[in-house]
Structures are given as structure tokens and as C-alpha cells.
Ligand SMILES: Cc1ncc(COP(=O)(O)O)c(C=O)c1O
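Just the one chain here, the form predicted alone, laid out as C-alpha cells.
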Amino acid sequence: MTRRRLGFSTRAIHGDPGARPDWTPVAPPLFQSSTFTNPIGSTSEVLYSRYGNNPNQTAIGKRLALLEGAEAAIFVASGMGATALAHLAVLRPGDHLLSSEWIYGGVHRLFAQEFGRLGIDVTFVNPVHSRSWKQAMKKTTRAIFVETPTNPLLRVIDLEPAAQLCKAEGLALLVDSTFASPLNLRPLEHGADVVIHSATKYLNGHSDVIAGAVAGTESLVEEVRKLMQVWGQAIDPHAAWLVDRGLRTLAVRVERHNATGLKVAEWFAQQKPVAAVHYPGLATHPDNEVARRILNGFGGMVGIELRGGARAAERFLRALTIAAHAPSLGGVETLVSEPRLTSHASLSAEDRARAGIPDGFLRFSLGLEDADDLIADFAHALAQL
């Protein structure tokens, strides 16, 4: 008899469930130990938390692999760590990487500054011009990197052109899917080879953990694990235990984020002090058709542009009572940040404007509060402008 495939929520909570012995704890125990006793004379790998084989570490890796449809997955100490190790697993000195130019600032610095020191060449490409990938290729090109949805404009990249090119040329396609989470997008189903997450965000969902994750083939994840052991980026057992807790509510949280995101975006679109709203669920968004085709939900991230620039943004932020002015995203509470002071602080005002991020741009990570309460909070803040 063929076993029925379990639903997303069931997998997020139980992984691959089996029979439970009597007196099994319902909540998983925390193995807050750096090391474990070894069988005398055994040649098996020792259990050591820096090696990533602590039971708390391995449990969440197996769970994420099930959610992404991957052969394996591994969690590490940060999203930047996951990005670095995933690329070092597929690239060698002398190799060339094609990267979308619409990526997180920290990753851009990693590629532009640090990879060169390792002998890895990087070219940045506009990801919506599908022919740009082919035109920018070199004989040494080995991989393509894409972030989708992007930060902070919420552009949704169609993965199919890059995936087709990678398949034809024997390249690896790496996708940062942090903003979507596995509920809204599973890149492996669209031709990607590697999925990267900042697990600090939606996978954990409670703004109390720094972590990253990589999912892909067994061989890829094993290479990441070997690099993790050398570079010392294992996730702490307690952080892994907290991620385990977060994964159990991932589906219901993201469903709520999706609903609130659409409601708030539609409301902002009707407000006169708001010059533009960036949300892939709106018909006015340039990638609305792509988003409807490849996403299962539009997410809880919303960007707006306030008339009045930086001064208007500051007045708006000072008037908020529910939403907090803080970086990061994906938690149960609503956070608001200004890219001009965070992710894009290194750019001049003119460069930010050319990138579509003028002063007065605010990025919202909408939490699990009642949507009507958030809208009332935002209405009060807009009234101060």
C-alpha cells in the first residue's frame, strides 16, 4: 500500500512521523551539550555539536528537507554563513559566479569584496532580463545566484530562464528564498539546485534566533557540513531547539502573514500620503503575473514610498505605537525599517533613487497582530504627516 503524502503543516510539525514509544516527550528535549560519550573502539564519527550532528541540529535539517522537497538540509549559525558556505560548496578558485544585482547588501559585500580574495570572480546581472544571464557567461562560469522575492522592492524573479540555462550549461542554480519561506515558494520545484534561508526570519519566526539553512542534494549538503566544521559555523543546540519550535507553527504563521500583507498593501494603496506601494499581490506590481504563477502566497513584506521623503518617514515612525522601528523580519511582531539607514546605507541618495529606493521608502515586516489594529496604527501615523 502506497503511503499517503503528508501535508505541509503535518510535515512542519512532525517531520516523518513514526511510532512513539511510551513516555516519549511530546516536546523535543534540548541537548545542550558540546560533546557526547563515544563507544570504545568505534570508528564512527564522534558526536560533537561543532560537527553539526547534535540531535537538535540534525532534527531540523531533516524537517527542512521534507518541507523543501530536498534530499537533505543543514542549519548553520547565520543566513550569511549559509550563503557563504553554499557558494563555497560549488565554487573553486578561478570559477565565475553570475549573481542577480537585486540582492541583500551583506551578500553583495560578500561577493564583491571577499570572493575576490578567494579567487572567485562575480558578475552582477539584471535578473528580469533573461538574456543577460547568457550574455554575461564566461568559460569559467559555474553557478547562478538569485534572491526572490527581493529586498526591499519585493520583486519576484521568474526562475525558469535561469534554471533552463543552468541545465543546458551544467551550472548550479542557488536561490535565496528567505522572504517566501517553503510555504510560499519551493525553488527546487522550479529548477533550482540549492535553496538558502536566513532562518532568523520566517523559519524561526520569533525574532530570538540567528540562524541560516541550506537545502539541496545529499552530496551538496555534505560538502556544506564539511565546510561548516572547518569554518566553525555550527548552529548552537539551543538555537536549533528554538528553530524546531518555530518550524512547528510555520504554516499557520505564513498563512496569517499572507492575509495581513495583502490587506495592508491594498489599504496603503488608497492613502494619499503614499506615493507607491510595493507588494507582489497587487495588480500594479510589475511581477504580479509571475508572483501569481509561482508563489503560493504573497507574503507579509510590504514596501511603501511616502511623499515627503526622509522627513515624512521619520515623522511616521515616531507616531507608531504597535509596529516597532527595527531591522530584520519574519517575526510574530510587526517591524518597520528604512533601507536608507540599513540595507542600502552604503549607497548615496542618488544611487538609492536609481535603484528604486528613494528617501521616504519604508519596509514593513507585518506580524501576527490583528490587521485592523495595524491599519489603525498606520492611519494614525499617516495623519501626522
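Keep in mind that this is a model prediction, so the values were computed, not measured. Numbers follow the displayed sequence, beginning with 1.
Below: the form predicted together with this ligand, not depicted.
Although the partner is absent here, Leu329 is a contact residue: one of its heavy atoms lies within 4.5 angstroms of this ligand in the predicted complex. The closest non-hydrogen atom of Thr141 lies beyond 4.5 Å of this ligand in the predicted complex. At the 4.5 Å threshold, heavy atoms of Phe124 stay clear of this ligand in the predicted complex, well away from it.
Mapping the unseen interface onto this chain, Leu97 falls outside it, with no heavy atom inside 4.5 Å of this ligand in the predicted complex. None of Ala211, Ile120, Leu173, Val90 but one reaches within 4.5 angstroms of this ligand in the predicted complex through a heavy atom, and that residue is Ala211. None of Gly79, Gly246, Gly261, Gly303 but one reaches within 4.5 angstroms of this ligand in the predicted complex through a heavy atom, and that residue is Gly79. Residues with any non-hydrogen atom within 4.5 angstroms of this ligand in the predicted complex fall in just one of 124 to 132, 177 to 185, 109 to 117, 164 to 172: 177 to 185.
Contact with this ligand in the predicted complex, defined as a heavy atom within 4.5 Å, is made by none of Tyr48, Asn54 and Arg225. Residues from 254 to 284 do not approach this ligand in the predicted complex: none has a non-hydrogen atom within 4.5 Å of it.
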